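Only one chain comes next, encoded as structure tokens, the form predicted on its own.
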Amino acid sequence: MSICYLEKERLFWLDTPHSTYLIGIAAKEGFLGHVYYGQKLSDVSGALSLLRLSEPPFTPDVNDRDRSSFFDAFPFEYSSNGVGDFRESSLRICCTKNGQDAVSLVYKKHEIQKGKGKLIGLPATFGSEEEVTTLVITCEDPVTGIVVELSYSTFEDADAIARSVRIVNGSDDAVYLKKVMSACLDLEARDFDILTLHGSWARERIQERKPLGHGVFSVASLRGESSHQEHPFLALMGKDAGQDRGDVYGFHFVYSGNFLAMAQRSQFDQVRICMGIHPENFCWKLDPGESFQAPEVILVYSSEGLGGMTRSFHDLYRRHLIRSSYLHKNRPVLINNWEATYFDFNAEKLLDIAKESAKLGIEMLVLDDGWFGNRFDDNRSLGDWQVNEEKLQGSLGELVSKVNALGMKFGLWFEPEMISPDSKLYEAHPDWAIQIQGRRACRARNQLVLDVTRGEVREHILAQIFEVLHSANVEYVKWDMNRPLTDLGSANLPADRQGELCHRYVLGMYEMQERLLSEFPNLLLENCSGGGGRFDPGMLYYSPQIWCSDDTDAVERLRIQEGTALVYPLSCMGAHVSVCPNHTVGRSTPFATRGQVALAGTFGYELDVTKLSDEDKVCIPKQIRAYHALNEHIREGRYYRLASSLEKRDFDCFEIVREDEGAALVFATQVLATPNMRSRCIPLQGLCEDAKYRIYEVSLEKEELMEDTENVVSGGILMHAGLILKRPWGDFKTQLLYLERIS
């Protein structure tokens, strides 16, 4: 069993394949303290000394006159509030009787169980009794009657720990939860760097590393979604940590709404990490006996640098988070009509695109925005999910049948959470929009947000969507969300529950997606939010892929996809080949380069194929065949980052190793050419040191492996010395190498 309790030592011992996590019970009162998290231990004798219980200020049962000093330094497993710990708190409540918010938790009991239960209404990791062990530690505040259940799940096949928190009101009066963090971790004094992902629309998830100084550093979202701007992830890194060496602690929040992730370096150089729902605009009423389930946080420790952390997240999400039947399948190569037509289309134009696409081997046509209601621009009709048969020159079923007759599948775009003020739905139910009465509405893209906390709203929207999907053979849905939440008011919630709106909104959205998949279990769902504004682990529970960014420029996508791949499997990243000059940045890159960059994701096209040059058209069948030949390797292989265009703007390189086949793919992109330079020497990773590898250059244009018969190199040379990579001539050039193990 990977979790045990050492009763004599009062120590909880949690193991993953390569890490150990220790929790101790201190003093007679039963304070729960974090003891250790790091490389796997075979013997934990003397571990409790790390709590420093034998040095001043000592524990309160020995020195109660300095209880505050004890609280201010003790490494709490779930930090208290208002009783002497002046660092970041994990839980803050307001008691209706006296209005006070102090909380101090002590250990009451625990249970170790095989398997892992669901988090009701929330996405969460899963696993069988053979794959997962779960520890639930119950703590209590004897004064307020608040009970806190801390859950820890370890996975037999992944170096990860899933943590979550459940709050129970054990008092006889209502309380208000003003802050509930899902995880807290106090680490020993160390000089850390902190790594986060930041950005904006069209430049999401860009890595940023900086020293962690004294005080508090945080990333957060108050937009009602995980956001383009900041990401629910952070990592602590040792100063010497890099891609393949050093200690890294990664934290990722399985949630799609407002979040706070913070790191605090204290006066004693201890570091506290807290992660959970953002306390601003959050206040949850708990009546006596009621409970609140907080979302889950994933913890990963790696002694093999960022690369080890990355592969642990990839393993966990592929094995224990993504549920879709498409997880281990090649996705259909689609063409989306958005950048080809925008709102200017009819059935004839769509069928012209479909006919030309089918000839070239494209497998699915996706009809984006503009097919419903009076939707001829983005100023109207959101919420009116009835097919505009005049625009489509017939029913949706007729159009889909014609597309299917070409041998293509069909997909459809929705934005179910939004409402246009100029719509039949708003005219009938203006109170269904999130709004503050008497305040001028804050519009974005001239649209408002539906209050999906309301059951009748969810029922109405889903009924429309189900009717559309049942009317035709729609096999793919793109679920979009194009604006943040503002004007936080619900006509359905009483005054003392208005602070529940943002979290209830996320729960309502999760319920809608769960019901969509229950109604259409074979549907391929792709989530989107103005590009990558809601790209988070919570959404992966419902959709195996998420649109990575509205910026499809190949050069910009290098760093966007690098940041995304830091924590997400490549098969999650929606990636398309688009037209040049690129619609977002105006850059022109070779068609082959756009294709190779998109191969590192789900792969598809976002252009008008009828207007492509013959030179570009001839590339499409070759790229599609390459996708089907290589995608299993890309989708299932282990990812190694070799060079970053963020660090050196001229070059980008990563490797994908299939350990079961003894083969590797190396993706390289020369962003900018440099004069008078020799070939590059790139040390590889993940190979067998004693094996020999034959190296082929893969030509997508010629559809062949170009073998240098003398190019057989040992794994040791390739990893410790490097692979010689010739520099191509020109900017924005890609190279793809295949390494076959021959001994």
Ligand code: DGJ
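Note that the structure is a prediction, hence the values are computed from the model and not measured. Heads up: residue numbers just count along the shown sequence, starting at 1.
Keep in mind that the form predicted together with this ligand is not shown, yet the notes after this line are about it.
Note that among 367 to 375, 235 to 243, 623 to 631, 663 to 671, the stretch whose heavy atoms approach this ligand to within 4.5 Å in the predicted complex is 367 to 375. Interface residue among Gly531, Pro569, Pro544, Pro123 relative to this ligand in the predicted complex, by the heavy atom within 4.5 Å criterion: Gly531.
Contact with this ligand in the predicted complex, judged by any heavy atom within 4.5 Å, is made by just one of Tyr326, Tyr476, Phe520, Trp338: Trp338. Using a 4.5 Å cutoff between non-hydrogen atoms, Phe217 does not count as a contact of this ligand in the predicted complex.
Proximity of Glu500 to this ligand in the predicted complex: non-hydrogen atoms within 4.5 Å are absent; the residue sits far from the partner.
When contacts are judged by a 4.5 Å heavy atom cut-off, Tyr640 does not count as touching this ligand in the predicted complex.
Within 4.5 Å of any heavy atom of this ligand in the predicted complex lies no heavy atom of Glu230. Contact annotation for the candidate site: Asp101, Asp141 and Arg166 all lie away from this ligand in the predicted complex (no heavy atom within 4.5 Å). Residues of 461 to 488 placing a heavy atom within 4.5 Å of this ligand in the predicted complex, in sequence order: Lys478, Asp480, Asn482.
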